[in-house]
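Okay, so here's just one chain, in structure tokens, the form predicted alone.
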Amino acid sequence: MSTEDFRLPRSHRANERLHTMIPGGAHTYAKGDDQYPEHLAPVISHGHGAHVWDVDGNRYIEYGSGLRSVSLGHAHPRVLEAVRRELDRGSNFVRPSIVEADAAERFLATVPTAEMVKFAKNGSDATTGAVRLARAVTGRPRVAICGDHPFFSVDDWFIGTTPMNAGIPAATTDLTVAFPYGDLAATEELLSRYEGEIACLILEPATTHTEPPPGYLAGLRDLADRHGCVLVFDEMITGFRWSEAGAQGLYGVTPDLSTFGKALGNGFAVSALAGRRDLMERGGLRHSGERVFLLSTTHGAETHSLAAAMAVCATYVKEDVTARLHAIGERLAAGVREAAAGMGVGDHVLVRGRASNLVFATLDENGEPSQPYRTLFLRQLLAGGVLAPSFVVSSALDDTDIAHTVDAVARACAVYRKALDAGDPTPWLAGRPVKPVFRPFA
């Protein structure tokens, strides 16, 4: 279908309803309709496997499912079976359920570098719990974040460092400092500059764009030990996608604390803060020191979400899901690169990242990242039945899906070439360009 004929009238009306009642029209900024071409932001009706259907009846091959959370595909039978078993038994009680013990045992067996775990519902709570714990055990006020990583938490200690910092006191933001990824010398200089003040180093151990340089993570481990701060790995993305035990399991470097989420529940709301027993126990009852209000959530231990997490852990191990994600991603990346090169835009439409966590870049005539060209590319993919804010794969994708995606990419790249030749993508946008998530004004 051509983009001229592609219309989403029901989705458009549904988006208007959403904006009337929900600030931003979505519950995650990355899902906002400003992230999609104007009037072409599908509102989803349902999904199954690697496909979703919008309220207009269009079917799409979906990438980046649930912001990387649905790595097994929608409505995965093993996960649903585990969830249904618990739904008939009650989901939340006045005391812990035995499911909490079962889920903790399963998680710690899957991530053996951790000694204790506490579950929550979202990644922000887990990372903030890690920061609070690090401050408590070190008695230090400052937090050092990796400045090259886009997101850690909705809480003030991080959001205050972004362009969307309205409502956050400068005194809070001043306590957060940044270090560059891959640069041990710069990190050591930061730790020395604020000697005795930095409670923790927090970072994604690997990123969308780069693998850790040789010796980097081990070097961070050494720096944290020498300067007396806590090393925190944010494994929200790398957890399960890099290995069942996360990046720490793949690279063999053990942090003091780590946080997991996203793929852990295959779309069900569950996250985890895990780490060393002596640190984690400070949020418990069996120690003589000052207590830390670590994590306390009414719904953190809902039985059906923990059942989903256990099913995910079992499925990853039994079916070697991480290897399948890498194999699918490698086929997709090769196909997209070949299609882009064939249409003469191989230097402008780029696929980056680990095969299990692919993203794409859209560059303009000067080789600079371009939101207008991203808009053009997204419009063409949507009209071709591909919903792809990224190329992050799920294990539900098959060869037919990959072939269809590559064909849609080729058609999109043919239009991309026309826009490059014209020196202006505007005629192919049919509206405003997509916008970055973090910006100070609407």
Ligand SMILES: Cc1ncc(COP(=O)(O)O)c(C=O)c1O
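Quick note: we count residues from 1 along the sequence shown, nothing fancier. Being a predicted model, the structure only gives us computed values, none of them experimental.
The form predicted in complex with the ligand exists for this protein as well; it is not shown, and the discussion that follows is about that form.
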**Study point:** Partner proximity in the model of the complex: Thr303 to the ligand, non-hydrogen atom cutoff 4.5 Å
**Key:** no
Practice item. Classify Leu201 as contacting or not contacting the ligand in the model of the complex by the rule of any non-hydrogen atom within 4.5 angstroms, answering yes or no. Key: no
Exercise for review: Answer with yes or no whether Val312 is in contact with the ligand in the model of the complex, where contact means some heavy atom within 4.5 Å.
Suggested key: no
Review point. Is Gly129 close enough to the ligand in the model of the complex to count, meaning some heavy atom within 4.5 Å?
Key: no
Point to revise | in the model of the complex, segment of 146-154, 318-326, 95-103, 333-341 with a heavy atom within 4.5 Å of the ligand | key: 146-154
Study note, to complete from the structure: Picking from Thr113, Ser124, Ser243, Thr176, the single residue whose non-hydrogen atoms come within 4.5 angstroms of the ligand in the model of the complex is Ser124
Study note, to complete from the structure: As a check of understanding, the residue in Lys118, His76, Arg354, Lys262 with any heavy atom within 4.5 Å of the ligand in the model of the complex should be identified as Lys262
Practice item. Output the sequence-ordered list of residues from 84-100 with at least one heavy atom within 4.5 Å of the ligand in the model of the complex. Key: none
